[in-house]
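Consider the single chain below, provided in structure tokens and representing the form predicted on its own.
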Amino acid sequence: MNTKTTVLGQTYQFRDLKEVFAKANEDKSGDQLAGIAAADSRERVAAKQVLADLTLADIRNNPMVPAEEDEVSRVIEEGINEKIYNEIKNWSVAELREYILSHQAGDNELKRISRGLSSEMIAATAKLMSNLDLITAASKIKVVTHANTAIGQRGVLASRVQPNHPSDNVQGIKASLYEGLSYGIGDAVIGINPVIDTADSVKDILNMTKDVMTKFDIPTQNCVLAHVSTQMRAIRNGAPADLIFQSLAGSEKGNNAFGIDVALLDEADELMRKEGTSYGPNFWYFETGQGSELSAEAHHGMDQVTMEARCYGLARKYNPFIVNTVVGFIGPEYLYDSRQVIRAGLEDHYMGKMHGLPMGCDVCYTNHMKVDQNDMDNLGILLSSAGVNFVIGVAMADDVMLNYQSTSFHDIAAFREVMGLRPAPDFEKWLEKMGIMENGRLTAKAGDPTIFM
């Protein structure tokens, strides 16, 4: 395995795959914080040049976190289709990138080849792609999933309505939910981040959302994003949960910091198949985000893009209904400014889709980052053009519980209109029945939550 190259008369010798992968990344403040980023643009180009010439077998035969030491590595390794891998193992990363972007590789071809790829191989191609490459490749892949309803169809931009409340007041959550529904938001899921992580509180919120769904015959799914163990207790106590949620990390140590492991996820998966209230077959909702492993000191010296890809390798074991990166939530320590946030959002979407996942994005930032709402508008439009499965809607784009900025209900309506996209088919029919949408456009009744009162 050659890890040496010369650029403009200067020779670079990288000690191992971890260093090549990290220094081939586009500039990220998280990699700088970890002390693994390229020193300058020339070293970054050198690392990309070395990475481009590595074969897929080189990457698999030199694991950065051995399967004997990490259960996420084991899940990824066990998920590789050996027949497909053997067809392509001698390809270079550059050749894989060229194939992914070629006209001969469409939706079916990319879904097939992805089964023979490890998460690290997919991450490697992302490091060699421009933003436009990431959009082009991801736009080829459509992943349709079903719980109560189906999302992910071509031409559809679904949305999560996120009616969070700073004290979990059920009536306050309901008021925000009504406003989101009135803008046509919520076809992916009615998803609430709770303040109070108890089974009783989770059950109260799930009951309220299910009552609203039943009363107005809304074709969607509900979910409360408490810790998975809390949701499991609520479900065993009779709570009506259509989806079960958990945040994921790309290493066993990172997941332990979240209070989870594969055994617990397996137990939750079995519970949902027995006691979940949606039709399925997809019952999971996962969230991820670049930098979470570093924040838990669980990154094993690896860069945050590769660690993020490994989250998707774990997620695909469970055939989820939806997955999203919370792209700018962790803060400037990991993504410093708008350029880095936009790049990360496009990387994460591409890598998720190349894993065969129904990939969405929380287009978001925190107030101490060098980012503003115009940057979120830009990323929202870019992801819409890339075929993102869903984005997240928050009242006035300002989450009063989590204290960060996302996209608003009316932002998502605008993304759909500008890009010629529609809500999920069943949900659009419901919007038309309610008089909120007609011929793919919102009516004068849109944005008025009193229609539900």
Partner chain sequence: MEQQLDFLVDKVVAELQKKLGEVSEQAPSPKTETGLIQLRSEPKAEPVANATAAPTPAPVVNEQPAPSKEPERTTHVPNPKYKEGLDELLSSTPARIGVWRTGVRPLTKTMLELRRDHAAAVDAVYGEVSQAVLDQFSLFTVETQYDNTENYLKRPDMGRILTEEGVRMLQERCQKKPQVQIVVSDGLSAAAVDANLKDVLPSLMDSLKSYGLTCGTPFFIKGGRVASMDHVGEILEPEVLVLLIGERPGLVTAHSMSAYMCYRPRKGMVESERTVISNIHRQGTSPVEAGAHIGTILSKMLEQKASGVKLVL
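Treat the numbers as computed from the prediction; the structure is a model and nothing was measured. Numbering follows the first chain given and starts at 1.
The next section is about a form of this same protein that is not shown, the form predicted together with the partner chain.
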### Query
For this chain shown on its own, do Ser176, Ala257 and Thr366 all sit within 4.5 Å of the partner chain in the model of the complex, going by heavy atoms?
yes
### Contact label in the model of the complex: Phe245 to the partner chain, heavy atom within 4.5 Å
yes
### Task
Evaluate Asp40 for contact with the partner chain in the model of the complex, applying a 4.5 angstroms cut-off between non-hydrogen atoms, and reply yes or no.
no
### Message
Residue-level question: is Ala137 within 4.5 Å of the partner chain in the model of the complex, judged on heavy atoms?
### Response
no
### Task
Please run the contact check for His410 against the partner chain in the model of the complex: heavy atoms, 4.5 angstroms, yes or no?
yes
### Task
Please determine, with the chain shown alone, which of 236-244, 288-296, 121-129, 348-356 has non-hydrogen atoms within 4.5 Å of the partner chain in the model of the complex.
288-296
### in the model of the complex, the one of Ile205, Val371, Val75, Val93 near the partner chain [non-hydrogen atom within 4.5 angstroms]
Val371
### Query
Among Ala52, Leu402, Val45, Ala57, which has any heavy atom within 4.5 Å of the partner chain in the model of the complex?
Leu402
### Query
Going through 421-453 from first to last, which residues have a non-hydrogen atom within 4.5 Å of the partner chain in the model of the complex?
Leu442, Thr443, Ala444, Ala446, Gly447, Asp448, Pro449, Thr450, Ile451, Met453
